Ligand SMILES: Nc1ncnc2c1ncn2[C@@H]1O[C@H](COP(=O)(O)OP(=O)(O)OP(=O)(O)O)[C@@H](O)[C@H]1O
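Presented as structure tokens, the chain that follows is alone, the form predicted on its own.
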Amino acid sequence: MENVVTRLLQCRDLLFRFGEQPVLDGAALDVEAGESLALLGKSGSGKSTLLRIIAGLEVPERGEVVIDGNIATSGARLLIPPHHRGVAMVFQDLALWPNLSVAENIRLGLSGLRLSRRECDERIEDVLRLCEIDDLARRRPASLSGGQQQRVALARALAMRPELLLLDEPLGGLDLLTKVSVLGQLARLRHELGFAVVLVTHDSVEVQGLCDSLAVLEGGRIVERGRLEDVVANPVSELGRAFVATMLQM
């Protein structure tokens, strides 16, 4: 019988330690195609580590990462390299190269895809237009506002045409109005392009502005997972209850 793939991402029984201290210990997480998932957890709970394992930037001691039905990581073996996973990541510090222009930053993100110069040029042009930053192509990051830098980092990730976009608290430094604007643009692009999102955040504005589901990472494992409306109606974890209380106060 043919095996039908129903999930875009499956993380199974992940173990990752810093020294002797386990950060992830049996962590498991599924993400559906097109889903937008908020990942909550206390500082040091392993949220960023989980994203880096999914992206192929770290390898666990144990467990598997399966992307679109293909085993990408198995134990300490990296079977699919980061640039072939269909996964893009935007980091908390954005990781823009200050000596490169906006267009050059985006081009650098495409360097592992073996595209022709013409294909790179077309992707850069398309993503600049999609993210509404055409006029910034020749400028360098230091001359941009915080919101513009966020859009550049997002454009660089989307130029890879990912099926899954990982966001590691990239909006934390923005004022409320700029954050709402970037969230609106990101939600629009997700709707137009159909990629899934995993967003690490503590911010209820970000969750409500982008996410349709929520997971809580605690003690190295996912202890709560469900549609956002269901978690809001009946949170079962301590952090989930605290987060819902914050949302309801808005």
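Note that the structure is predicted; figures quoted are calculated from it, not measured. Throughout, we count residues from 1 along the sequence that is shown.
We do not show the form predicted in complex with the named molecule, though everything after this point is about it.
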| query | finding |
| --- | --- |
| Stretch in contact in the predicted bound form with the named molecule, which is absent here, among 65 to 73, 220 to 228, 190 to 198, 36 to 44 (heavy atoms within 4.5 Å) | 36 to 44 |
| Sole residue of 148, 92, 101, 178 within 4.5 Å of the named molecule in the predicted bound form, by heavy atom | 92 |
| The named molecule contact in the predicted bound form: residue 126, any heavy atom under 4.5 Å | no |
| Partner contact for residue 213 in the predicted bound form: the named molecule, 4.5 angstroms, heavy atom | no |
| Proximity of residue 9 to the named molecule in the predicted bound form, heavy atoms at 4.5 Å | no |
| Those residues of 20 to 35 which, in the predicted bound form, come within 4.5 Å of the named molecule by heavy atom | 23 |
